[in-house]
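Below you'll find only one chain, the form predicted on its own, shown as structure tokens.
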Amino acid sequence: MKGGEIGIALLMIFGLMLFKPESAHAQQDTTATQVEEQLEKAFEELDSEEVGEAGEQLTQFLEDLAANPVNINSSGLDDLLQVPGINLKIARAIIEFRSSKPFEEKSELLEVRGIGEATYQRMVPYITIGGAESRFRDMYMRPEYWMANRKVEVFSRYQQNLQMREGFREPDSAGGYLGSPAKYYQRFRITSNHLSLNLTQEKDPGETLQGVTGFDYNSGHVALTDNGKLKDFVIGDYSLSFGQGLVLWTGGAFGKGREVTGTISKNERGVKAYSSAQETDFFRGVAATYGEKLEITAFYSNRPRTASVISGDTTRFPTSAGFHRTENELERRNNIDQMVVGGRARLDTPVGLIGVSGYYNEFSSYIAKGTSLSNLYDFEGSENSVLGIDYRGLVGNAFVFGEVARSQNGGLGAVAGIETPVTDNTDLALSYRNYQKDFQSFLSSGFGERSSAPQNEEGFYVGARHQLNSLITLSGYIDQYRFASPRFGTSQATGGFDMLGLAELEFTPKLNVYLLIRNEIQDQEFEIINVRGAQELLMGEEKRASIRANFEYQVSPDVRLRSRIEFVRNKEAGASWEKGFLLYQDIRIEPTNELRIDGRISVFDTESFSTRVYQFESDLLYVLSNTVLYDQGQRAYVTVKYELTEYFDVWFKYGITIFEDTQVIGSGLSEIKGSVRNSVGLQIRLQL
């Protein structure tokens, strides 16, 4: 780390320690644990590269929601729909329930129609019954109105890989990194019931830092929330998520995973002030939502993007990486502009919510698509627009949803589904999606096999969850899908099949076990040398199967143990089976209300990257850690959270991975010489 950056970091920490608070709110460890468990369920089945962009935003969304829980006694329909586990049917049942009496305990939600124990546990970290405070709707001009329930949060985070990567050895002129290996993040945020002010700054490893104002990434906003009919008003950075995500969706979403029901439909978040460190997946400008039964949203965004230049004013599609570490990366930083303008109208009717969304997008350069077959139907040009209509409603006890959208070139995308109880103990979820190969909606995120924008995919999903008895819950899904045009790495149409089975056993409140089986088969091309000695391309199947057993035991109120063993088999098309396994022992110790320690030791052995295994790890607040492990080795980490005072928290993490029979880790500028990879992280949070 360079001397100037050390000074900045020390000044930031010293300045925070001098700041005297008026009041504070301690982090609730139980809530944090529940949020972490939900994130683990959502992401550990996914490839870490797929999780990347959306994962961080969804992590922050859930952490923020847990820190600012929704009041079930006063929140409107939209706010209730932000809570995981609450759909339109349940939201309306909650509103109906509280019309006769307010909730005095959270557990009274179990008396609401449609809420079982599993659904209740999923939503409980994000709700509150609130207090008796009245809302100052007629006192807009008084400071008390804007400062009601005020919270001030200051974060400062430092992370660094301790092994020197090749990019830091290379001179600047040879394409090496210009900045230090350290990663800095800081955020200043003031929130109240009706106001939000935020500034987020980040420097990635290898990027330069020119003083406190010289961070590579800066994001801020001023937002008004919940002010009568003016639902949201944001100046600065914001995210948009509407309908089922086929037109506009930023900020991450749940997909296929261990939660097999309740995740195939999306509960829109509308306009949300943005405070994440994800550097590309947001809008910058102004946005507002006004209305009650009929809500109107309008937005305008204009911000710089980074894209590779092909020639003159022709570029590739803007990158989502957000790295500006080398002279080449800096040269093309923010070299084009993207303007987006659009809106949405949504009507709350007795039969459900009906919405219409659309936008017009313009780049300042001509975007040229890639040259591979998988890019054949990608967007090309400087202008695009997308328009869609969506629906969510109830038919008897069933929750139904759907959306249809059309891009400027005529490509169509559609998704529809139903979630319904079959018996008192059984829930069923069905969904069909058809995103045409020329559907070009690059500001969206639909349900499907791939986490990218919905395009070139048709699939049918069936998920079911059954409470066998008070101890055993069985659940699973089957998803059949097909890509009509070549996907990455193929030259023709392909398809696949994905299934998951899960048995959860809660022997006692202290001891629970689950067994998870997953199997996926996907078409894959491979080459052979035929009898004439020429290369020949054939179509085969890539198969991947895994089985996992997880044991969790609450030894005492202060100690929790978790053990896991997982076996993976993978067979590339035209190749032989390969296998791998992961074994870990995890411990959580909370000797006092102020101190929590998480530790884990893992052993892994895989024959190749194809048999890689994943483990979701405890990490610093707002950091998503779904670590991928491959080859042979061991990994260990320890995470410590200590509440120094009721307003001041500290997190620390150290992790180390030791590989067997490996002298080089990674490649290119990320290459590390040696068999050890370790990292350290430190974060402080001040709450006033």
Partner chain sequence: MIRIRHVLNKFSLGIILGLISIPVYGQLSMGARGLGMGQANLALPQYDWALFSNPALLNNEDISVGFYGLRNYGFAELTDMSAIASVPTRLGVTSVGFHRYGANLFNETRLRLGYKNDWRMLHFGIVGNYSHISFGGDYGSGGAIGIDVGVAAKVSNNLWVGAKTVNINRSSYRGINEDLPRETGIGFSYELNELALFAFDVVKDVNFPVAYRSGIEIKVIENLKGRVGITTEPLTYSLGFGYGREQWDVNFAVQKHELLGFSPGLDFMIYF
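It should be emphasised that the depicted structure is a prediction, and the values quoted were computed from it without experimental measurement. Numbering follows the first chain given and starts at 1.
Just so you know, the form predicted together with the partner chain exists too; it's not on screen, but the next bit is about it.
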Just to confirm the contact call: exactly one of 305-313, 553-561, 268-276, 147-155 touches the partner chain in the model of the complex at a 4.5 Å heavy atom cutoff, so which is it? 553-561
In the model of the complex, which of the listed residues (Ala575, Ile129, Ile565, Ala493) lies with a heavy atom within 4.5 Å of the partner chain? Ile565
Find the only residue in Gln480, Ser364, Ser372, Gln585 having a heavy atom within 4.5 Å of the partner chain in the model of the complex. Gln585
Mark Gly633 yes when one of its heavy atoms lies within 4.5 Å of a heavy atom of the partner chain in the model of the complex, and no otherwise. yes
Can Glu590 be called a contact residue for the partner chain in the model of the complex at 4.5 Å between heavy atoms? yes
I'd like to check something about Phe581: if you look in the model of the complex, is any of its heavy atoms closer than or equal to 4.5 Å to a heavy atom of the partner chain? yes
May I ask you to check whether Asp605 falls inside a 4.5 Å heavy atom distance of the partner chain in the model of the complex? yes
What residues, if any, in 656-685 have a non-hydrogen atom within 4.5 angstroms of the partner chain in the model of the complex? Ile656, Ile658, Glu660, Val676
